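First, one chain by itself in structure tokens, the form predicted on its own.
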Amino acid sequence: MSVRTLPLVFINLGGEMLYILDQRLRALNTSEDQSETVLNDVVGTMFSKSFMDELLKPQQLYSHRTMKTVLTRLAHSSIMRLNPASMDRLYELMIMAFKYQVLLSPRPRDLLLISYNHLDAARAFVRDTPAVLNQVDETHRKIIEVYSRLSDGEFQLLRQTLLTFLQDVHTRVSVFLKNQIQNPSGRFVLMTSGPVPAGVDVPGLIRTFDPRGREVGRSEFPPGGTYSGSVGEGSFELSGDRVLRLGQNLYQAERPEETQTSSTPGTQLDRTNPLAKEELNLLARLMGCMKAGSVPAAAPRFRISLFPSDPEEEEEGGAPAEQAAIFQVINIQAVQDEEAASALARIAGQFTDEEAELENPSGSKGDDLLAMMDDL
């Protein structure tokens, strides 16, 4: 597996989070000031120097459970608070959008262009906040420095690692179903048409050469699709035309009620991972870089449910009185998910159970790391 996969996964999933949060905050008529504060806080935390330095160290890609916990921490680094059901849906949307982009990426190296589209979008969200904008630019420079040295073979290994990470996720997304790029089974439709990647000839022609390298004959074959010539090479620099549209905002033109997900049988994001101890160490390091104290104590916070829900959730009632005194509650229906009600507590418990099988009872490092997570 590639040890350079984790930064691209985080940047792309974080970029998709920004798209969804922006669309949902607009749909829920959240004030412009609150929306701007949420996006600025999330981008500022996502691209903080200490966090990105930790993330860019060579390391294995870990499970969905760990990634979801880090992204939950990221979403809550602002004045906004999502309920567990909304966070589950948010993660499903992020994962499926990224999977679609990876599957349709013309070349392994074009994964960088997808990431750069997300970075360009992050710049646009914080264009009026110079300090945060500078953080995004600095991260982009580091990404260029690290990944420009990789060979085509290393990018192929990186893509293979991503496909392994995403292979068992088949959540249905209404936006994809409506545009007929996803089947009811949750699997994507891969088109056999369109422009070929830069530097690639249109398929359908066989040329024959003699031992001296001279062309001596040509024949044609049906390529199985309608292909056209390349539209050009995208820019791999700090700015420029990326050409590739993958990684841009899919939800910009969608109506709010159409951003929904539904699971298919057999979809499992929280698979047991034998590297529980390593995941816990990564989680503690990454979450330790996300300082909740960056949000002023006096800043007004608000809870929000991002997505429409099943009717039974309406029966749950309002928030407790003590929470209502702290948060501005926006009651938009959310999807019922009883298992997600205590997500972080369950994750910590699962890590503890897995570590008990891997280490003898005398080891205390895992307990120390769990204590660190409790303190965050």
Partner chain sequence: MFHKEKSIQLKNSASALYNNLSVLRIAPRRLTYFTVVHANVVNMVSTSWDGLNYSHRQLQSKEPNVATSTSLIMQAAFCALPSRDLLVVSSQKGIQMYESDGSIMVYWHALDTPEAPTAHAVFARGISAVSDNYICVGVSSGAVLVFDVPSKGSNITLSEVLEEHKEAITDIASECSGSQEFLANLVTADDGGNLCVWKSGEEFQLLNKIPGLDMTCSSVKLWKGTVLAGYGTGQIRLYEAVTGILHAEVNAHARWIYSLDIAPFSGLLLSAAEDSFVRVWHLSITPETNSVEIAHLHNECVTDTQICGAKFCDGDGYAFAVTGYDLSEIIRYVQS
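Numbering follows the first chain given and starts at 1. For clarity, every value in this text was computed on a predicted model and none was experimentally measured.
In what follows, reference is made to the form predicted together with its partner chain, a form of this protein that is not presented.
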Answer range among 74 to 82, 103 to 111, 134 to 142, 116 to 124 for contact with its partner chain, defined in the predicted complex as heavy atoms within 4.5 Å = 103 to 111
Can residue 236 be called a contact residue for its partner chain in the predicted complex at 4.5 Å between heavy atoms?
-> no
So, in the predicted complex, is residue 241 in contact with its partner chain at a 4.5 angstroms heavy atom limit?
-> no
With the partner left out of view, is residue 5 within 4.5 angstroms of its partner chain in the predicted complex by any non-hydrogen atom?
-> no
Is residue 152 one of the residues lying within 4.5 Å of its partner chain in the predicted complex, judged by heavy atom distances?
-> yes
Within 4.5 Å of its partner chain in the predicted complex, do we find a heavy atom from each of 60, 199 and 203?
-> yes
Quick one: from 248, 160, 129, 179, grab the residue that has a heavy atom within 4.5 Å of its partner chain in the predicted complex.
-> 160
Answer option from 166, 87, 94, 175, heavy atom within 4.5 Å of its partner chain in the predicted complex = 166
Who in 215 to 234 is close to its partner chain in the predicted complex, meaning a heavy atom within 4.5 Å?
-> 221, 222, 223, 224, 225, 227
